[in-house]
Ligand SMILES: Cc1cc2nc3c(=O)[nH]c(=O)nc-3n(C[C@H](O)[C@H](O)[C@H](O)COP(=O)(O)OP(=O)(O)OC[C@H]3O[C@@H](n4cnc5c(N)ncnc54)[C@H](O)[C@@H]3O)c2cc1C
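Listed next as structure tokens is one chain, alone, in the form predicted alone.
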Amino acid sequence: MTNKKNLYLNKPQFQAELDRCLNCKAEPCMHACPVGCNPREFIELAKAQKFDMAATSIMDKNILGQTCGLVCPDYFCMKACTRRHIDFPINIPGVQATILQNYREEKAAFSPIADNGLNLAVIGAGPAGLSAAAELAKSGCKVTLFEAENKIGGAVNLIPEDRLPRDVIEKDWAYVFNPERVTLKLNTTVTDIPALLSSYDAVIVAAGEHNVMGLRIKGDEYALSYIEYLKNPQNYQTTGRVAVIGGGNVAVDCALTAKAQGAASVEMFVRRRLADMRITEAEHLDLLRREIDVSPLTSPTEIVKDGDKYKLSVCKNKIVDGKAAALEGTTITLPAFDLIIKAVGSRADEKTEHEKIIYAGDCQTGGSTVVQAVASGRAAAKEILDRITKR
């Protein structure tokens, strides 16, 4: 069961973080935010007990404000925070999430928006698609939002619930969703994107990266994809040994989930160095706290099914000209894994080149954070409107 209280700042913590803000006129935190959210502004409003205005300040810039507050990494606003040069940065994401959890009021009715006569389709209701749809609606467009799954969220739904309760993204979206402008079609897969142009003025594709990359080794079929695992971790619960191939945020989520599900031991195999792992300091500490082993400079070479378990062969690597290269004579075979999960990346479907079709989010930029996807969706909406209104 998720302990939601631990995800947010308590009253003393919240007040302490507000008081630590230096009210920097240069606003480095805002400039470091991919969506331009202004921590200085919403913190000053919260200090003045104007919590409804603080919440509005956040949501006006970031339609997934509470979601991002819970899962944003520490290398955007916190890295830019002036306090880090004095003691340690303000927990800006924590303040943001706490404001929206405790003080966000029910939204007022949407102000009437003049219809601009445009009708657009958005494919994918993940962070980028939701952001694009909201931006288009604010501009006076009619929007149909297609989602293949039975709920919104996209890849956000793969984030373990102890980090992001499933109702948070729904709360964020409910606050900005304009039913007069946006029609949401769940359980609807779009297979022919260009065909939509017969009914819509333009299309934004924000379908994510759902094609999991293979390990390119013998026995790859025995490794479970991170998407299938994180969608349904309860289906793969084990008290035995688990191997996770990969060293990014998703691999960490897989490892922590496996341990939380009761695995006796979890080991991550990372192709590059520990210092090369693109994860946050908090994630590094979580791995230590949960006693998850990390084997750096290590790559899989083969997986063999052995009864109801698996043998995993790995070799050591060295870094040559910035790239990982296998060291000869270092291959060893590790027995008795109950589950092997591959989390080495994914790719999007092939793109369709057309002036009225634009891509956003992970299917445009590759894997990104939630806040970067929100920024990408908003930018895509502005770009497509610029294209089709100048024709």
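What you are looking at is a predicted structure, and each value in this text was computed from that prediction instead of being measured. One rule holds for the numbers: they count along the sequence shown, beginning at 1.
The form predicted in complex with this ligand is left out here; the points below concern that form.
Mapping the unseen interface onto this chain, residue 134 falls outside it, with no heavy atom inside 4.5 Å of this ligand in the predicted complex.
Contact annotation: residue 149 falls within 4.5 Å of this ligand in the predicted complex, judged by heavy atom distances. This ligand is not shown here, but in the predicted complex it comes within 4.5 Å of a heavy atom of residue 128.
Within this chain, residue 163 lines the site of this ligand in the predicted complex, having a heavy atom no more than 4.5 Å away. Judged by heavy atoms within 4.5 Å of this ligand in the predicted complex, the contact stretch among the candidates 308 to 316, 259 to 267, 152 to 160, 80 to 88 is 152 to 160. For the options 189, 199, 232, 116, the residue carrying a heavy atom within 4.5 angstroms of this ligand in the predicted complex is 189. If you take 239 to 278 and check each residue for a heavy atom within 4.5 Å of this ligand in the predicted complex, you get 249, 250, 253, in sequence order.
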